[in-house]
Ligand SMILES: Cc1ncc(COP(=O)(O)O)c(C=O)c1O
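Just the one chain here, laid out as structure tokens, in the form predicted alone.
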Amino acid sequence: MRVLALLDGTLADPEAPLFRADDLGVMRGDGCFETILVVNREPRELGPHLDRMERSARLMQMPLPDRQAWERAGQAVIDAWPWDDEPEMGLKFVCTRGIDGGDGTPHGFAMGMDVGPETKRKRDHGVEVVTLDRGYPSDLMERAPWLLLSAKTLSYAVNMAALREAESRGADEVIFTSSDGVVLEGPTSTVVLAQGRKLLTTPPTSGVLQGTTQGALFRAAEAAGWETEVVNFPVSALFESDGVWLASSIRKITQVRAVDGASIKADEALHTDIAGLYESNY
């Protein structure tokens, strides 16, 4: 199921051509995007997602249509979605730099997508991950801002290659590590650890995307009396912590059950508590 809307709020045929062949998003992956979970017509963390999209565009030095245009297009998709049949939807905002050699006018749209069975399986049963070296140190972002390490761009070829590598090793997901041994993030998720009554995640200054779902989880955890910390931690922490999760908009709070073929702590009661904290926001 797909529902497509343009930024003026009009619906478009999701099977009809939308991009020119010389659009820079097609030719170079030159653009940014966000994916938002919508449950029973209610988008989750819409404001933080739009904040992050604006930040990505600034890092890319790319103009972005105003927030009202994205809200209008998103609402058109939400209004057209068959909620009686599908109570959840992934709402995707996409913006490219426009056509090659054009005047710089960006090209954007909003699209609603099914939450597929594989995503639901990972939510329900957890995942096995492999750690893969991302090939740069954890302090590179400030020294090389042109690498766009903390921007959510359309250039996801490496991320998808990493997931194929995980599949070839019999795993479901990836946790990237830096060349100096710091845990970074998943290709499409944020890493969260539990150590006692403390939750930890890697700071965006290490070149990771700032997590909207992780942010919602930490907000609820702090309200419930948990301690939270945004700090670098080594790969060994994955094996020593009381629990490890991958947080992402569509997969929510997904429990990690094994890392590099070795089982780690995956307490069901703790997972229920952590997932419940996230859901308490809504």
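The numbering used is simple: start at 1 and walk along the sequence shown. Computed from a prediction, not measured in an experiment: that's the story for all the values here.
Below: the form predicted in complex with the ligand, not depicted.
Using a 4.5 Å heavy atom cutoff, none of Pro43, Gly74 and Met111 lies near the ligand in the predicted bound form. Ser248 is the sole member of Ser248, Ser241, Ser56, Gln255 with a non-hydrogen atom within 4.5 Å of the ligand in the predicted bound form. Contact with the ligand in the predicted bound form, judged by any heavy atom within 4.5 Å, is made by just one of Ser206, Thr96, Thr177, Thr188: Thr188.
Proximity to the ligand in the predicted bound form, taken as heavy atoms within 4.5 Å, picks out 189-197 from the listed stretches 189-197, 141-149, 100-108, 115-123. Proximity of Thr212 to the ligand in the predicted bound form: non-hydrogen atoms within 4.5 Å are present. When the ligand is considered in the predicted bound form, Trp83 lies well away from it, no heavy atom lying within 4.5 Å. With a 4.5 Å cutoff on heavy atoms, Asn159 counts as touching the ligand in the predicted bound form. Contacts to the ligand in the predicted bound form (heavy atom within 4.5 Å) from stretch 47-64: His49, Arg52.
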